[in-house]
Each structure stands twice: as C-alpha cells, then as structure tokens.
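Only one chain comes next, encoded as structure tokens, the form predicted alone.
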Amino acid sequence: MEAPPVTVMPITSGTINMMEYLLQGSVLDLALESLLHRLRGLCDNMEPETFTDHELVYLLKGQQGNPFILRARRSLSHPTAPWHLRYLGQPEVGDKSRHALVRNCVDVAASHSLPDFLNEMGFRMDHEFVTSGHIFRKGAMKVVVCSVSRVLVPGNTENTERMSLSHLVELSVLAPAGQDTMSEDMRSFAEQLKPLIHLEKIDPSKQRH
C-alpha cells in the first residue's frame, strides 16, 4: 500500500502533472530508530517533518475494465489545510533499465467538501486508512517513513488499528517525463540504506489492500 503524505507535495495554482519515480520497502518497528538515525545522517541537514494523514480511496466503476481510482487525503496534524486529490497512473514497470517504478501523478488541492463532491460524481469510497510518520529530504528525493493504520469505524480517525509491526518506507522523486537519470540517483541512495532496509521496485497493482 502506498501512502505518501499530503504535506509533502508543494501545491501551486493549477494542476501538477508529473512522473513519480518510486522505491518501496518496510522496516520492523524494532529497527525503526536505527533507520531514522541513518536517514538523519544521509539526508539534508534539517529535522524531518512529522505528519498524520487520513486517506480515502474512491472508485468509479464503469461497465467494463478496471475502476477509475482517486485518492482524497487530508492532514490530521493541520486540520485547516486543504484536502488533496491525487490520481496515480498505471506503473511503467516493463523497462528493466529503470531502477525505480515510474507512473504518472496528478495532484490538486481541494476544499473540505471534496468527499461530498466525489460522492455526487458517482465515486464510492472503497477503503480508508491513517498514516503517521516522518519525511526526510535529500535534494529532489523524498523519503517517507510511516506506520499505516486501518480505520475501524468509517470516518472515525480516533478509532484505528495498526496494520503491522513495521513501518512503510518510500523513496520517491517527482519530475517531468524523461528524467530517467533520477532512478539511478535513487538506486545509489537506496544502497546506502542497506542492510537496514532493502528498497525495491514494487508494482502496486500486484499488491493487495
């Protein structure tokens, strides 16, 4: 399950339409502090950001083919911040010369009425979850380390349950199409995190929720 936080992506006027380069992995809670210490040493000289976000995944089912998926996300740490609506395209995983998964990414800021708008458009919420953790930066690269919790009562983010005794780790870069040298930089950075964590090119479409 991918879960990049809303507080990470800068929002300007209009739509952001970029390619996301992504590597993913997980680290057991017992090894979390060691990984955070390593990231503080490798990343830019600043304290990592902390976040707690609530994400709702909406589906629009057509008469044939796969449903259209949109992700609505809000910050629980900053309740007055705008919602974010995110679309992730199909991953381009066939090119073995790329060291990272590549997919189209469209992200827009939205008002707090976003869930009502999506329901009126015919979308139905499929599932929701809460992520909480840290964001590190290394130049254009972003590292998200977070726990993922299921929401036990729909809409009640106070009633959650951790999904595992591990933290999700994502290394990503947002860049215009054709910037494939980014994946080489990401591979080099990921090598420096071994053996604490092995970040891999994982196809989200083959993962179960």
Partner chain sequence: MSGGPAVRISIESSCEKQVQEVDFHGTETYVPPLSMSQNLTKLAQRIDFSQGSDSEEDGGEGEPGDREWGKQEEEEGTVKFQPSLWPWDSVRNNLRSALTEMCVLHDVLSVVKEKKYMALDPVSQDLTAGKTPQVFQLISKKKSLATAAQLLLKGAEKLSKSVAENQENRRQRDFNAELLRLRSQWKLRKVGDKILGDLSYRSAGSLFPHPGTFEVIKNTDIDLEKKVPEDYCPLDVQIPSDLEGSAYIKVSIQKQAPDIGDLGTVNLFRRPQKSKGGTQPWHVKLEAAQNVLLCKEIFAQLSREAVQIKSQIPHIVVKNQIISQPFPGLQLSISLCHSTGEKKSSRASPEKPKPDDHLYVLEHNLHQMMREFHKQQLSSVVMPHPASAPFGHKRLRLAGPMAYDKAEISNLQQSEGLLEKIIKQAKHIFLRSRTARTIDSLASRIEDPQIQAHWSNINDVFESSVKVLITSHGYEQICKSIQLQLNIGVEQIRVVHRDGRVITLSHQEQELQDFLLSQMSQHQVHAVQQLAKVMGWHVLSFSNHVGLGPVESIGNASAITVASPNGEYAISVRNGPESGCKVVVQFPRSQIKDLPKSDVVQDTKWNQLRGPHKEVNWSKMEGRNFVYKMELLMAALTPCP
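Computed from a prediction, not measured in an experiment: that's the story for all the values here. Positions refer to the first chain, counted from 1.
What follows is about the form predicted in complex with its partner chain, which we do not show.
#### Entry: Residue (of 153, 177, 165, 46) lying close to its partner chain in the predicted bound form, criterion heavy atoms within 4.5 Å
Looking at 153, 177, 165, 46 one by one, just 46 meets the 4.5 Å heavy-atom criterion.
#### Entry: Contact of residue 78 with its partner chain in the predicted bound form (heavy atom, 4.5 Å)
Although its partner chain is absent here, residue 78 would touch it in the predicted bound form, with heavy atoms inside 4.5 Å.
### Query
Are any of the heavy atoms in residue 58 no more than 4.5 Å from a heavy atom of its partner chain in the predicted bound form?
No, residue 58 sits far enough from its partner chain in the predicted bound form that none of its heavy atoms falls within 4.5 Å.
### Task
Although its partner chain is absent from this view, report whether residue 82 comes within 4.5 Å of it in the predicted bound form, heavy atoms only.
Result yes; residue 82 sits at the interface with its partner chain in the predicted bound form.
### Query
Any chance residue 135 has a heavy atom within 4.5 Å of its partner chain in the predicted bound form?
Taking the distances in the predicted bound form, the answer for residue 135 is yes, it comes within 4.5 Å of its partner chain.
### Message
To test your reading of this chain, name the stretch in 22 to 30, 180 to 188, 66 to 74, 155 to 163 whose heavy atoms come within 4.5 Å of its partner chain in the predicted bound form.
### Response
The contacting stretch here is 66 to 74.
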